[in-house]
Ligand code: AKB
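What follows is one chain in structure tokens, specifically the form predicted alone.
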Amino acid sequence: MNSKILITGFNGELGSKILDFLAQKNYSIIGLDLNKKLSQSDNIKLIQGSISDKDLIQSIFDNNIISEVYHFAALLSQTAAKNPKLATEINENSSINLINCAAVHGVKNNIKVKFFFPSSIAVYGPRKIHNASEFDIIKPTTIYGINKLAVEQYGSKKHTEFDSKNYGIDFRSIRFPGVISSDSIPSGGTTDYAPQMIHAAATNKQYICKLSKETLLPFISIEKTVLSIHQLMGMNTINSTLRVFNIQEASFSVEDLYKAIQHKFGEFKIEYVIDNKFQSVADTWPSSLNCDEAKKKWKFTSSEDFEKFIKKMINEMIKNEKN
């Protein structure tokens, strides 16, 4: 039986990009998501279902040889805050169950299952940190951050259990900052204001911002995100006990972004209507991330040039709007 890659949440912003990226390389893929989608490829099998359905998850492992797992199914930060019980079930309990299934599957089939988990800067808190490293004090204040940290810790612990063996699970994770995509406008996340603002400018609309102009947060493009995941998962082994890495491309304030967009579009207008829930979350997240560990352990690279980063994002957004 040929080995396959399992991607959960394949309809989401990251899941869909990884699905397309791996499909182009002709990997055999199983996708799981709540929403339907038709596959145009013979090497992709898409399943409609929930990550919380333990019987379904078990059947996927029982009926296939899964060599890699990319686990993107989750509730985003602001959505999670509205339903903390569901967030814990989906973001934490179901993730831990998936890790356990992958580990047992590895033992049963005498293989080491690579497992990718997208974590978040939401694990930081309760105060804002500049140049935050993986080793800084981490006490998240949101249910989203608490769930992400719990999975980070469980996955790392499970990895250690099998580290010296040739079977089991190989857990790998990245703490993502805000992700900016030129072809999708996300909602439900605290950092979603950035792509939303660029999109509003590209479509000649005024933007109402829920965060203060001084709010400073780190970001990365969707293209760099996909390449970083592929780079991390493409390594046979990562010579490090650290299993969770920070990465970013640029760090900037809301006002920095507004000025860059206004320089491009001239008449672009923004209105600040501060949402205390959004602001209180953003105030506990790092203003920037230290990427030294990722650079040393798996050769992550980034120019971290704000002007070039924003110019590229704006131009790509405009291009997509015209198409």
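Because the structure is predicted, anything quoted here is derived from the model rather than measured. Residue indices: 1-based, along the sequence shown.
A second form of this protein, the form predicted together with this ligand, is not displayed here; the remarks below concern that form.
Proximity of 76, 121 and 190 to this ligand in the predicted complex is complete: all three residues have a non-hydrogen atom within 4.5 angstroms. Interface residue among 144, 72, 245, 115, judged by heavy atoms within 4.5 Å of this ligand in the predicted complex: 144. This ligand is not drawn, but in the predicted complex it has no heavy atom within 4.5 Å of residue 155.
The closest non-hydrogen atom of residue 177 lies within 4.5 Å of this ligand in the predicted complex.
Heavy atoms within 4.5 Å of this ligand in the predicted complex are found in exactly one of 169-177, 245-253, 105-113, 131-139, that being 169-177. Of all the residues from 279-299, the single one having a non-hydrogen atom no more than 4.5 Å from this ligand in the predicted complex is 285.
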